[in-house]
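Take a look at the structure tokens below, where one protein chain is shown in two forms, each on its own, as structure 1 and structure 2.
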Structure 1
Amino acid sequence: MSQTEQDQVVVSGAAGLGAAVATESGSELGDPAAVQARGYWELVWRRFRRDKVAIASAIFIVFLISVAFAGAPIAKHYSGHGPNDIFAASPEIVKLPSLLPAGPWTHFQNPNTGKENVMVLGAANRLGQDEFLRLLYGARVSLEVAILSTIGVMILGVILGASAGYFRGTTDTVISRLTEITMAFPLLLFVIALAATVGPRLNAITLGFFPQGVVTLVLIFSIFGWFYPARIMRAQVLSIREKEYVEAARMIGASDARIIRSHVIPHLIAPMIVYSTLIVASYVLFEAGLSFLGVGIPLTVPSWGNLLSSAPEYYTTRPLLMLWPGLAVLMTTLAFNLLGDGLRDAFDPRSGGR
């Protein structure tokens, strides 16, 4: 091959590379100001925003949180009654003699205020409580349990998992054995036994602003759910501690605390975020399941599980009472799972289809 042909091959290859760079950066060739270095988080955001399903899930979650914590008090104000108000004596709300709860858009005279109120989704049970308000306040309870439990689980899991993976030796052995014991513990039987013995006294612990039962479930989920993130973090840290930059930090005399803070924890942020979104969905289901069985949130407190537990009584006459809380649980868990999938793909540059 002559020198001229070699020069043409080099120019052609460079042109192809330049075209690829221009396509990726979305800028014109020959415009140096448009080609800028992008940081890690900017690249994550660029990959994440291409996933329309994950974006829609994030919007739905923000909307759900806004409705649960801001919309519920507003709905209570305009409804003229609360989620725990009982209207069993109102013939428009509880039909006689069948004792069926009223259907959607039922107008009635509020005996407490003398004003006309409306139940958007009808009554939830024979007590005449508002289904719509209990659904909104139930979203608050479910999100509080799920999010606070996730925070507690991740704190314990990251601390124990990172300690086991970094220090290894005796620390790793002790934490690994503790993890195996926790994994084998029959959580459901423990919750049932707890509810049958000291459950009412534990549910009375509200810290002044939580509904009854929330603190109890958060503590139980946190104590017995940390082993999954601990195992994930241990595996990550076992790989990170062997990296060259960690070895270099040790050689210059950096302490273990500084290495963990500066070189280990930053690399755990991505799996922590992804796993947190996925575990929230599981705790929404877990709270609904325990409340459905009668061992979770007390029946006097509105929650999606409690609504589902009373709805089967009317599955032939008022089937919508099963639809609303079931749909709420389904949409919430689906949104968190889809958001977790999108974040996983965004944090992993090797994922395909993005």
Structure 2
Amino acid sequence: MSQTEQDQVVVSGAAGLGAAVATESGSELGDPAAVQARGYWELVWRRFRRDKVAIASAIFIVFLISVAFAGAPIAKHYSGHGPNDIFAASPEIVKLPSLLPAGPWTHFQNPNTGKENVMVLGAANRLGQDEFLRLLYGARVSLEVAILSTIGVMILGVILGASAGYFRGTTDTVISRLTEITMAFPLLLFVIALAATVGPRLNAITLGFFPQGVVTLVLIFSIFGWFYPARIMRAQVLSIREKEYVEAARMIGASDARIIRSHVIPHLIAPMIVYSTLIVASYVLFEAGLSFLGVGIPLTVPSWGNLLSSAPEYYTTRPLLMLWPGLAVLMTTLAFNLLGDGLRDAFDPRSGGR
């Protein structure tokens, strides 16, 4: 968001609200009937709406989700073959004797149906699987891992962090120590070791819907990722519980459950939304990294990390194979990062941002 836009937002959000509203609604200044009271969410939305970059990112994310869940099957239908179909025997797709996969826009005879099909971005590997379809289906794996891990991490982190901050005392000590222990683990090495030892057992769990390996990664990420949101939430709750309105609620005899429900949680929603958006991006990167090392999603399942890990084999001959999955990851993380920045500015215009 540029500075001028931000200044406008700050002005309309604070002192000049009445004036801005009056100008916009076209009525005369000082007409009390034209001044409306605006709720918190409406103000946030009005600030967010002016952030073009954040809006574009949000639209891109919606587009990405629809591509992953609706677009991929449609593309599969129109191309006449699936993302896991193997065309190693077709000479147009896997060139003999070098076993070089075909380049972009290759027409070939599908041996299963006898019709002529096309591979938009060429073949992904020496099995002759379609790179374009695997990219689309990979989006689904990446988004599922990232979004579900974020949900898991946030649930654990918010519950543990908020109760540490609210109840203090022994609860706080135990949870804070647990946080310190988790933080001292060599996280990446440990996750890799865990995925390699426990992973093969858990990979079979698909709950009837998820591709293989998604549930494993979500579990591992949630167990080792909760400490960061927990620290943030603890700090937030520690400051909220000292506020006058909490004191007032306690004075009139409100129970802990009621105070948490109506005085603490509403203040946690903004940091939760902002933080979740930002960590979705980091889990997209994490999944791709683990799959690249061969300990994430099983190689048979299309995922961006798997596409990236098979690309260096054709390093000098098909360098574009390296580009596509990397670009997909970059666009996705960039969109989530920009959306997160935009949301933070919308929720808290004083946060500055840029």
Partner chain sequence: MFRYLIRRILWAIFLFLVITFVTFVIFFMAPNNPARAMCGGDQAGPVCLKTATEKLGLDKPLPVQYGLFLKRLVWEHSLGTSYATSQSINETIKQAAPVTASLVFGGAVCWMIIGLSVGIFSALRPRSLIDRAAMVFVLIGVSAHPVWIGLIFSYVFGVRLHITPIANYANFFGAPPDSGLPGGPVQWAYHMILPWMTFAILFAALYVRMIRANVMETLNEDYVRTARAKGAPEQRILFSHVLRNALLPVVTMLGMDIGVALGGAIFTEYVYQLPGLGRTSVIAIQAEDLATLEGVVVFATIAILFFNLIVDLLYAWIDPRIRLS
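What you see is a predicted model, and the numbers here were worked out from it, not measured in a lab. Rigid core here is just the name for the largest C-alpha set that superposes within 1.5 Å across the two forms. Numbers follow structure 1, counted from its first residue as 1.
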Taken from the structure described, the form predicted together with the partner chain is structure 2
Indicate whether residue 171 shows a C-alpha shift of 2 Å or more between the two structures, with the rigid core used for the fit.
-> no
Residue shift check between the two structures, rigid core fit, residue 127 Cα at least 2 Å = no
Core-aligned C-alpha movement of residue 199 between the two structures reaching 2 Å | yes
